[in-house]
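In structure tokens, the next block holds one chain alone, the form predicted on its own.
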Amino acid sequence: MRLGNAAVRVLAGLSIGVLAVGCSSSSTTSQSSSASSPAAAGDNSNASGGTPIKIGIEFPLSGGDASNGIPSDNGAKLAIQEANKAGVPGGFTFVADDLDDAVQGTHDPAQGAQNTKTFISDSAVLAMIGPFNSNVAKAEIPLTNDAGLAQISPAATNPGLTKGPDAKKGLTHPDVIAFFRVCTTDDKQGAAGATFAKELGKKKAFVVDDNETYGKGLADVFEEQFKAGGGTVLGHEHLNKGQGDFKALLTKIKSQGPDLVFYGGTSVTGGALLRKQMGDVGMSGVTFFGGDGISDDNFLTTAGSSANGSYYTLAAPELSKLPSAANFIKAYAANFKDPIGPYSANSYTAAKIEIAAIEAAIKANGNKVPDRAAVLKNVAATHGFASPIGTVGFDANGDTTAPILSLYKIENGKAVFVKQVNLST
């Protein structure tokens, strides 16, 4: 689907407004077979006899990445079931249409693009949540831009998705923003990571990344900022896809005498095994530091006891420190067996924003199903939106206006909150 010239002109001249949505506790929507579901099944039919309004949800729901994907999927579903219980204007019912972007256990850009095409081809899908990973987002953004389908990611952090010379490349409508995110970006995450490393007293770092969009971008920023802060970067290596034995690389790293190994990437693409094998070459005492790609349970289970002492940053706030998250935490626990994930609340917030945008468009359309252009216009106009992760909105690039970053340390097999910083500028 392509936007007509009139729609492009409307979207290019967006005005700023405030969206709101009612919040209540649980009923249910359709559930993915790979994700946990609430105890009761909901009615997905439209109360007024029309086609249900779908929200596409796209995360890795199988393999190692599922430890992040499923809790994020649950967060979006919780928002949808709450909206249905509260009542949707026009008597409509929201339906969660979730798809898995993992192939052979790992997030896959080609699969993400195919899932996005599936959403676009279904006229009932008025908005999309996801993906989790930046390289998947990079493959999807041109598609949702071409279709005028509002897309909000809770966790894709690579800055080049929205900013810089490459952000507009390949877009059919470069003046239209269709991709948004409620997480902060890696230019800020990498810089904060370098600052945290300096605060830990680290002076000599060796940098490793998984050579993916997210991992390499984060590692490059960390390296630049660590050097700018007076630290020494002894080397920077890139992992090969599917690599599982890192002992030769770690032996090389050990010979350089680092007091920190910084890893840019996910636990599945090498982070967990890299940390585990550090002990095999006598590097257990060297601090391991990463970004939010190692914030999942897969890092803890795969690295085992070797994970202890590791640090990571998260491009989201610590929910236990936010009064605004209390109701979300209770509702999530009441509906899902999976524990809350690092980006569950972000995903819930993304869904709430899209729900608010759709409901506002329904009302403006005489309680009839709106078009995607109206929904996208409302999403882009979001500001001052109250959510579990605080008051959020989107800037002119589609990035959050409330970037918060948190630092954690693994102790006794669990992530322990250290501190968080507000990175608003």
Partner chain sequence: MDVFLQQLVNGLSLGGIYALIALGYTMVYGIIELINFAHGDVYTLGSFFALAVLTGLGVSGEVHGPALIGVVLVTVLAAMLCCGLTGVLIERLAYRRLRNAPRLAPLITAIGMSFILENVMQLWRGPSPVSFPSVIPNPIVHLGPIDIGAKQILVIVTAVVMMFALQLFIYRTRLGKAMRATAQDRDAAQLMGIDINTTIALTFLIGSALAGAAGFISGVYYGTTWFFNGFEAGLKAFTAAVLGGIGNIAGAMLGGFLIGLIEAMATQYIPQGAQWTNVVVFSVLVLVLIFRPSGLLGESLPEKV
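Values in this document were obtained by computation on a predicted structure and should not be read as measured data. Rigid core: the largest C-alpha set superposing within 1.5 Å between the two forms. Numbering follows the first chain given and starts at 1.
What comes next is about the form predicted together with the partner chain, which does not appear here.
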Please pick, from G393, P52, G63, G390, the one residue with any non-hydrogen atom lying within 4.5 angstroms of the partner chain in the predicted complex. G63
Counting non-hydrogen atoms within 4.5 angstroms of the partner chain in the predicted complex, say which of Q225, N308, T287, N211 makes the cut. N211
Contact label in the predicted complex: E237 to the partner chain, heavy atom within 4.5 Å: yes
Does the partner chain get within 4.5 angstroms of any non-hydrogen atom of D280 in the predicted complex? yes
Taking the shortest heavy atom distance, is G242 within 4.5 Å of the partner chain in the predicted complex? yes
Are any of the heavy atoms in L273 no more than 4.5 Å from a heavy atom of the partner chain in the predicted complex? yes
Within 4.5 Å of the partner chain in the predicted complex, heavy atom basis, the matching stretch of 296 to 304, 311 to 319, 191 to 199, 81 to 89 is 296 to 304
Counting only heavy atoms and a 4.5 Å cut-off, does the partner chain in the predicted complex sit next to every one of K368, A374 and H383? no
Taking only heavy atoms into account, state which residues of 106 to 134 are within 4.5 Å of the partner chain in the predicted complex, ordered by sequence. none
Once the two forms are fit on the core, has A219 moved its CA by at least 2 Å between this form and the one not shown? no
Large Cα move at G87 between this form and the one not shown, threshold 2 Å, rigid core: no
